[in-house]
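Next up: a single chain in structure tokens, the form predicted alone.
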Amino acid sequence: MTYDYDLFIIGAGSGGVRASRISSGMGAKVAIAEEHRVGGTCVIRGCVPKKLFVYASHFAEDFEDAKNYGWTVEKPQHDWKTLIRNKDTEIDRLNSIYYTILSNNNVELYESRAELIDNHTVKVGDKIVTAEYILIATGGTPTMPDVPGIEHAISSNEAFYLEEMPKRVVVVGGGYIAVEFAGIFNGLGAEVIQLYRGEQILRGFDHHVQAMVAQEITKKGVDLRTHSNPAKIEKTATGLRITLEDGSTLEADAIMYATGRRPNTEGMGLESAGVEMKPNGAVKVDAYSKTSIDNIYSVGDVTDRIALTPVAIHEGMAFAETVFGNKPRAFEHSDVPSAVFSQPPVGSVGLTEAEAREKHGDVDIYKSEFRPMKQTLTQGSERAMVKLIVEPKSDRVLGVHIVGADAGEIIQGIGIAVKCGATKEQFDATVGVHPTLAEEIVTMREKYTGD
């Protein structure tokens, strides 16, 4: 049978665009559909604008620290509209680059919603097209709970486009997005209360990372309240009134929910095409990103594997090589480094201590907590932490966790070592770069015996 395209991709985010470019370069005729802006969550309403906001919010602390290094700093003032305007300009620039990438690689773009009619047929806008292969790369979207008055709340999507900077903010959630935005609003001068219904923030991270971040963000001014959750939200003449499940109330100018994301698969016709789904709406795939239908594949957050942009990109490349490059390749999802741009930031790769003990039994722990050198001339009390988890028989480093300035930058290099199976002996044989936070990774010799 002759098809309109060799490959039709639904979703022009990082994974979809990379798959389109690589597949086209291998000779495939490719089209891609996007109902929002090209670039996906990361570029438009995720990683990129979030990191810009983190930069903006951290200047308040930098200005204060500068005084202790001899700088005369006038009382700084922040203009929210300038930040939003400049952020929008940068997102527009990146958006245009994605258009260029698609055009230069002969990928036809449909700026419309796409839905499957069957496993080879797609309705895109008012057109019907066919493809030999279909790739689902529609990402995820924030979830909002069924709470009375939830229409008065925002998600991270809307936080990037607020017309005014709220002075009192309640952030609901304990994951990395909630922690990052609590730090952003706090750094920009808002009174921030962070509510989390669980016992400790950053669920899934190493327990020492959780405790350190909770300690540090609290010291910086975030009012962190665990075992707390809104029961009702009401609009008032002066803002919002949030009634908690224990009956107490809070007043705020904005309430932002960061309580999870769901795969963006609703109303796409996947079930009618026979694609098997997970209970949470994610697309079920095998190691090669193939769905239950042989010619339909899926990559990125929509598969609910690891929701990170670089992972989606690697999955997209592996898909292209497998289907059009005649080099079947399954992307390995272990030892993926990641960062949380909290304040201070987190860098992690490999297993947490709990995961390592469950998988390997006894493990050796090396942990160092200290005051960073920059803080020695300031009034700040921020502390940093480095932790290594080692399998004693093989001496292999199973996990590395860092809390402190530039943790995200540091963990990239450490990720290579962990991925290559480096041992603690090899870490110890590496000369540290002095004076840096990173040198602590290769100078720890005493095993940690605490909790």
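Just so it is clear, the model here is predicted, and its values are computed rather than measured. Residue indices: 1-based, along the sequence shown.
Another form exists, predicted in complex with a small molecule; not displayed. Remarks below refer to it.
* Asked: Just one of T259, T322, N119, N264 has a heavy atom within 4.5 angstroms of the small molecule in the predicted bound form, so which one?
  -> Looking at T259, T322, N119, N264 one by one, just T259 meets the 4.5 Å heavy-atom criterion.
* Counting non-hydrogen atoms within 4.5 angstroms of the small molecule in the predicted bound form, say which of L102, I177, L224, L240 makes the cut. => Exactly one residue meets the criterion: I177.
* Since the chain is shown here on its own, which stretch among 251-259, 328-336, 128-136, 76-84 would lie within 4.5 Å of the small molecule in the predicted bound form, judged by heavy atoms? -> Comparing against the small molecule in the predicted bound form, the contact stretch is 251-259.
* To do: Report whether the minimum heavy atom distance between H58 and the small molecule in the predicted bound form is within 4.5 Å.
  => Taking the distances in the predicted bound form, the answer for H58 is no, it never comes within 4.5 Å of the small molecule.
* Quick one: is Y110 in contact with the small molecule in the predicted bound form, heavy atoms, 4.5 Å cut-off? -> Because no heavy atom of Y110 falls inside 4.5 Å of the small molecule in the predicted bound form, the answer is no.
* Asked: Is there a heavy atom of M165 no more than 4.5 Å from a heavy atom of the small molecule in the predicted bound form?
  -> M165 lies outside the contact set for the small molecule.
* Asked: At the 4.5 Å heavy atom threshold, is A211 in contact with the small molecule in the predicted bound form?
  -> Although the small molecule is absent here, A211 would stay clear of it in the predicted bound form, with no heavy atoms inside 4.5 Å.
* Does the small molecule come within 4.5 Å of a heavy atom in each of K50, R197 and R203 in the predicted bound form? -> Answer is yes for this spot.
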